[in-house]
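Take a look at the structure tokens below, where one protein chain is shown in two forms, each on its own, as structure 1 and structure 2.
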Structure 1
Amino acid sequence: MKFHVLTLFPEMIERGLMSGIIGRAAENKIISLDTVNIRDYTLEKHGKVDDYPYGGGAGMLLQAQPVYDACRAVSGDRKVRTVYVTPQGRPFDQRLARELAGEEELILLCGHYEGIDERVLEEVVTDYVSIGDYILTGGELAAMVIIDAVARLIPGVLGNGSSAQEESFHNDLLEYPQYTRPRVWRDKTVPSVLLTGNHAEVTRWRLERSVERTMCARPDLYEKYSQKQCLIRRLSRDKRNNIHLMESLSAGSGEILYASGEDAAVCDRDHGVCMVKASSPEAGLRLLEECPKDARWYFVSRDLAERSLREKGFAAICECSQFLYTRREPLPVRHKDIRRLGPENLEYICSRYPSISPAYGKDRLLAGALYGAFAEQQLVGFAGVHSVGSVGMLYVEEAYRGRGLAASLEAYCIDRVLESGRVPYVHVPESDPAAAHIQEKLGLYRAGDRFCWMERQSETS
């Protein structure tokens, strides 16, 4: 990923970021950091870039011309997402960090003095972002905060690929306490459970401590977590039919839009997906009204799909069955050469699996959620984990079908989901009985309900 920072103090950005983890990532060419001095683009012979504001007032403003020319020098005719760091912007949080991490390039514009001429902001800025309700002397510190938070979500930046999923704010919980050697320091000992080697007990202890810490330090987050856990327990009474809702909530990506009795609506805003469970088609139609209008994809029961297609302007994408893997032991993987794929495999994936758009394929690759089967060093098939948590996107080259590669790829993905502590599930199109047979062969159970993926149609379509 390429970060471009437009600033009057490039050395401040470089000194602040070109060390530690972010600096190593830049040295290894996982990310690049380009600092652009706005002053280099002024047409004023003395290098002046600011002037007094029209209408009077204290302070000076950055002029439009040098900012615009600096931005154009970076982007040219390309549309590059451009963030202006300002207290007036959208609050920066982990959700926005994940969103920005999906970009190939990002421009961060640092203000100074009393701000920047509004006309150039209207011309070049796509996002107004704030790191908090306070005033800084310039935007450089805020830009560094954003770059650090975004960069660490890019595969390869952190040494441990799971680190970003285990820290504060994942699943609405703060991080648990951590300890290292020595065992005893100033008469304080490491909790004994961490020395047992019992991974299940360690996981349980860490969750308990995370909940306790969140309850005390961030009651607002704890309230969100408690509401989700309450709904998960209610949905677990019919686990096979509700696993998609439960896993979205457990992973922290799903937000509750509505929950009462047997009716629930959950939205994964990061990926524009809404999931609706309703006691009747009529209740389901009401829940669809609770969903954000900018959500594109919907996963609902087939009965609700039939009504909503007629009455609410949706298009059916795929009718499917839901399969669930309920055991905790990993599945055997017979094909041994399966590897995580990277952005360099995007063209191959999109050409073989047309329903994966380039944007979505890139999202899954950056998330480290697509895996390829290789034969004689050639990529001959792939599968992965969707943004909502289901295993899918399965493809095998025709010349290699019938050799068990599809089952190996899916088993490999299921094992990765199990490693993350989640429950694997798969959506299989009704039109693909061969895929359903693979699920049964691997030991997955079919849910009783039938489901449908839908797409909201635009008002002009």
Structure 2
Amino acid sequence: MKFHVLTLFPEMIERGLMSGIIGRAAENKIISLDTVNIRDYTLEKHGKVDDYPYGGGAGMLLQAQPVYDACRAVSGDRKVRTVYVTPQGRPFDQRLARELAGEEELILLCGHYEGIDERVLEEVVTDYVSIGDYILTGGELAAMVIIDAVARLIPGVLGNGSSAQEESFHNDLLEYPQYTRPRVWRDKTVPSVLLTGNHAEVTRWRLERSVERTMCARPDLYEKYSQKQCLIRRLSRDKRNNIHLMESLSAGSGEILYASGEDAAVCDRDHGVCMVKASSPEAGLRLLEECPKDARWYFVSRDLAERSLREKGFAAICECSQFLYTRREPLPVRHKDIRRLGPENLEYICSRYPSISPAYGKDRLLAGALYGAFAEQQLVGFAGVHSVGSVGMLYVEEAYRGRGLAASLEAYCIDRVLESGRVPYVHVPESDPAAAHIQEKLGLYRAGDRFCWMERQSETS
């Protein structure tokens, strides 16, 4: 991801961010950080960039011309998301950080003095973002806060793919208390459960502490958390059909749009997916109306899809069955040479599996979520875990088919999902009965309903 910061104090950004984790990510070219001095673009011969506000009032304002030219020097004719950091903006939070982390490129515009001439803001800014209800002297600290929070969500920046997943605000909970050596410090001992080595007990204890802390410190978050838990419990009565919604809610990316009785609509803004579960196609059509119009995909039951395609201008991408692995023990993996793939495998993956775009393939590789099967030192197949949580992206070279490699790759992925504490499930296209057969052989259960991934047809198509 590329960050461009438009500022009067580039050295402040460089000094602030070029050390530590973010600096290392820039050195390793996982992100790039470029600062642009707005003053370099002024046409005023003494380098002046500010002037008095019309109508009077205290302080000076940054003028439109240098800001506009600095911005155009970065974006040219491209449409780049441009954030003006301002106390008047949308409050910055973890959700917005995740949303911005999905961009390939981001411009951050730092104000100074009393702010910036409104006319240039109207021309170039796409988002107004505040880091809190207080006034800073300039936008540099705000831009640094945003870059730090966004960059650490980019796969590969933290090194350990899971560390950004278990922190405060993930799943609407604050993090549990943590302890390190020594075991006893000023007569205070580490809670004994953390010394037992019993992972299930430790996980339970941590969740309880997280819930307690959130209840006390952030009742607003706790309210959201308990609403989700309530819906997950309700959906779990028909787990095979509802696993996709349940996993999206428990992973923290799904937000409830609507939940009442048998009807629910969940939106996963991070991945641009809306999921609808309805007691009847009529109820489903009403729920689809509630979903954001700009979601990339809509996941619905097939009967609702049929009505939506006919009446509401959706297009079907893929009809599929949902398979669920309900046991807790890992599956045996027959093929022994399966390894995690890296960015060097991107070209191979995209050439063999065209519906994986280079951006998505890179995201999955950097997240460590694609695994390759090797034979005679050659990469001969792969499978992985989608960003929404399902196992998929299965491919085996023709010459190696019929040798159980596909089943080994699937089993390997299912074991990785189990390790992460989630429930493994797979969406198998109706057009691929061989893949359905593999799931059944591995012991996954097929859901009774059939499902459909849809997209909204554009006005012109």
Ligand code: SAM
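When a residue number appears, read it as a position in the sequence of structure 1, where counting begins at 1. Superpose the two forms; the largest set of C-alphas matching within 1.5 Å is the rigid core. Just so it is clear, the structure is predicted and the values come from calculations on it, not from any experiment.
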query: Chain form predicted in complex with the ligand, by structure number; finding: 2
query: C-alpha of residue 24 moved at least 2 Å between the two structures on rigid core; finding: yes
query: Did residue 440 shift 2 Å or more between the two structures, C-alpha, core superposed; finding: no
query: Residue 33 C-alpha relocation of at least 2 Å between the two structures, rigid core basis; finding: yes
query: Core-fitted comparison between the two structures - CA shift at residue 105, Å; finding: 5.5
